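Below are two forms of the same protein chain, given as structure tokens: structure 1, then structure 2.
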Structure 1
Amino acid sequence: MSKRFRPDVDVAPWKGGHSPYDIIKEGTIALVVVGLLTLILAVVFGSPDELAITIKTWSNATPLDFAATALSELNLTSGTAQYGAPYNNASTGQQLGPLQLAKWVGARIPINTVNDFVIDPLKSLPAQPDLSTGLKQWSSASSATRSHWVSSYTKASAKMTFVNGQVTVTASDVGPLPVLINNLTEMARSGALDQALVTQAGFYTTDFTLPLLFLADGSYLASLADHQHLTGDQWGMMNETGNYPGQAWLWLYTFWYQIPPFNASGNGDVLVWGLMMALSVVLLLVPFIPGLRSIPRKTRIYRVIWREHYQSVAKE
């Protein structure tokens, strides 16, 4: 032989015997068994379907959390407002070493939290004297004046109260903000904001980017998820609501989020993704990686799998 035989790469041609094998029968049996097992599991355990929450349920359950979130969209401190790409250019976003992957791609799903979450929905409401005046005041003000109002309101916002269905705050020099925040909260509690956020693109829509980002900016969604053990530091990515098994195959992906440096890094997401992509390539290339491809031969688990074959070889 001119080439050296590599035991982890090459095989000698099979010179042994063959036994009967009915591939169609095997496939049919597998289909029947899996079908029955699926049926039994579905009949016994069912499947989870926790109702989606709405901005209406959120603002009715915790109106002040909603109002504070609306304010954070105005003063640009919300998660979405500070996100960076793909929603805006507020920050560089995560970096993989020198690679600013998100930033390079840019804000391709542009979101202006002030207009998209607050001002535009309010404009869609039927005309009311104080709201119309407030919106006019807002649109004619300079950006410096708006920032001044927003920061004055933000300073006083810790004393925000919700009484008789109204969000009130005692503060001066805040322009139309009390009217805007209160109207947006009322709008949210009526369910109209849910509609306004999804119909911005017209009559038909299947895109829930805006309402989902607004929900995620508040703390209500996260508190419900925490209760269901779904948050990132609870290995939530793998978990399902209730007692159902979830995406258990994401165990390794979820694992990295629990340990340093990933759990402490501002670039945790991109680091974990980079690592998982690298590991996927390693899995793909196992047949070519010395050492990794020798583990099966060295662990000798194959002796158990092919024990009949080795017994018959030993007898010959």
Structure 2
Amino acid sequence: MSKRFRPDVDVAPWKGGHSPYDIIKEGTIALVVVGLLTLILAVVFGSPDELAITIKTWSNATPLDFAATALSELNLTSGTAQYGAPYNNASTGQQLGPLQLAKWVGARIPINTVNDFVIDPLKSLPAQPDLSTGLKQWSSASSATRSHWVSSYTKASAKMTFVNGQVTVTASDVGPLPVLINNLTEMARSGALDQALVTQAGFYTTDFTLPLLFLADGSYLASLADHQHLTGDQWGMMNETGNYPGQAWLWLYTFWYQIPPFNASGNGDVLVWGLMMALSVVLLLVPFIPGLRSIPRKTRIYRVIWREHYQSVAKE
């Protein structure tokens, strides 16, 4: 009894003709052509990369936004302060259905926005009478007193102004906050804060977590991203700065951010990740899924791909 031929599994021996193919020659030609095109386009258009955005850049461009962000680090309303894992335990974080993935990770990169973004950098400055007094006043005050100062300053911050290099807020009973905010703004505008934030864990470091989070908490970086069409609702994951195209192969990933429920969910990132993992598993299992693996054969798409061969066979 002969074995039944299974078109999805068994492959019949090829009995047709063969054509010579020099893969070395073709590969060399492709390499040379692509190399020349890359060189010519690089000379004509240049690099799309822009200068790195630093806290110095930000604080000089929009000092009030920087000062307001520094205040948000003190009153714990910033994005970092309320983010949750892996920085703190302020929220549950993103979850996939009942799975609290972010909470499982825990606060493995603990960040205290009050100390890490404001107080500790100010302590690294050379001794200054008003700043030293302000820092001592802050460190010796109780938590309730600090909260009262921050609350009073926050209420008055809507009328914050920046005149002659000084951040001014008309408020009473705010303790040393005017001195702290002013000195931190001056520190940022000089570039010293960029260095202080990356050297808190040691003199030599490549950990830019703190300055990047500080930048992200303000509105300056977001406004630049919006101008460069790099935000999530602008297919930003696929774009380069300016009008340059980006990584087109990421279209499937970034596509989901444009449609419900992903574009309106606080768990959008983990939902998209979960969906992409599921699609990846399906792709890996295509040869083993009945029906799905038969689509190319049943649609006869192979006859379109190998049309020249089938045309030659038909003429014989």
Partner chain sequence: MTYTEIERQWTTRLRRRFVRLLPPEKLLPDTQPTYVSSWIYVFGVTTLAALAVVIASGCLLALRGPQWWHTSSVGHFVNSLHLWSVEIFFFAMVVHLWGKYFMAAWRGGRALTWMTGVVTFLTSIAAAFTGYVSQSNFDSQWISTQAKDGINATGAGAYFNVLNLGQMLMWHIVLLPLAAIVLTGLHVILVRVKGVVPPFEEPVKVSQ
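By convention here, residues take numbers in order along the sequence of structure 1, the first being 1. The term rigid core refers to the maximal set of C-alpha atoms that superpose within 1.5 Å between the two forms. From a predicted model like this one, the values you see are computed outputs, not experimental measurements.
Here the chain taken from the form predicted together with the partner chain appears as structure 1, while structure 2 comes from elsewhere.
Once the cores line up, the CA of residue 60 ends up less than 2 angstroms apart between the two structures. Superposition of the core reveals a Cα shift of less than 2 Å for residue 232 between the two structures. Comparing the forms between the two structures, the C-alpha position of residue 306 differs by 2 angstroms or more, with the core used for superposition. Once the rigid core is matched between the two structures, the CA atom of residue 242 is found 2.5 Å away.
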